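Here you get one chain, nothing else, as structure tokens; it is the form predicted on its own.
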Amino acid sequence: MGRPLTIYPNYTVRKQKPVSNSFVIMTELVLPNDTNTLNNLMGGRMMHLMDIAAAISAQKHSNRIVVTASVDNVSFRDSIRLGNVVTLQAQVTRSFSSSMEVHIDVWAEDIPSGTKLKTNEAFFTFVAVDQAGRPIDVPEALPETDEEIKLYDGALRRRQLRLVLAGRMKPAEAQELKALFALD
């Protein structure tokens, strides 16, 4: 016979969930009300769309209510013009106890000209919460493809950098960041 099962109070086994289950595609048409005086999509509107797509991805992974905890550097590479079709692709890269990092790519397509280009990329962090707003455990993220593994592997460094910049972790405690800058 095997060993008897030991029950530990306050210990929950986190289920694993493939990150591909959290994949979201969202498409929007840029209308006049979304643009600035140069007929480009306003940055705030872009951030709004990115937050929605990323939140849906985090909800699909956690099956919980989620709240935005942080947004990493969002670069605006190219303008998105009035009439363009914007496609946002979001997917969880890694989860921690109650938080999840979500990667988002944004593409702008001018359908009449047949051109499509990547305009934005960012990492958002969400925390899963219960009905009272308290953080709650989420499933472990299971990467399967080479790209998913690459994003998963970098997520701990990005998380530590976010925590250091927010003053929630001392730089000396950020072991993953130390490894990046270790000089012999």
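From 1 onward, residues are counted along the sequence shown. Small disclaimer: the values here were computed from a predicted structure and weren't measured.
Another form, the form predicted together with a small molecule, is not on view; read the next lines as being about it.
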| task | May I ask you to choose, among Leu156, Met42, Leu142, Val67, the residue with a heavy atom within 4.5 Å of the small molecule in the predicted bound form? | result | Val67
| said: By the heavy atom within 4.5 Å rule, which residue out of Val30, Met26, Ala55, Ala122 makes contact with the small molecule in the predicted bound form? | reply: Ala55
| said: Each of Ser97, Val129 and Arg162 within 4.5 Å of the small molecule in the predicted bound form, by any heavy atom, yes or no? | reply: yes
| query | Are any of the heavy atoms in Arg168 no more than 4.5 Å from a heavy atom of the small molecule in the predicted bound form? | reply | yes
| said: Even though the partner isn't displayed, in the predicted bound form is Asp34 close enough to the small molecule, meaning a heavy atom within 4.5 Å? | reply: no
| task | Examine Glu148 and determine whether its closest non-hydrogen atom to the small molecule in the predicted bound form is within 4.5 angstroms. | result | no
| remark: Of 34-42, 148-156, 114-122, 47-55, the segment with heavy atoms within 4.5 Å of the small molecule in the predicted bound form is residues 47-55
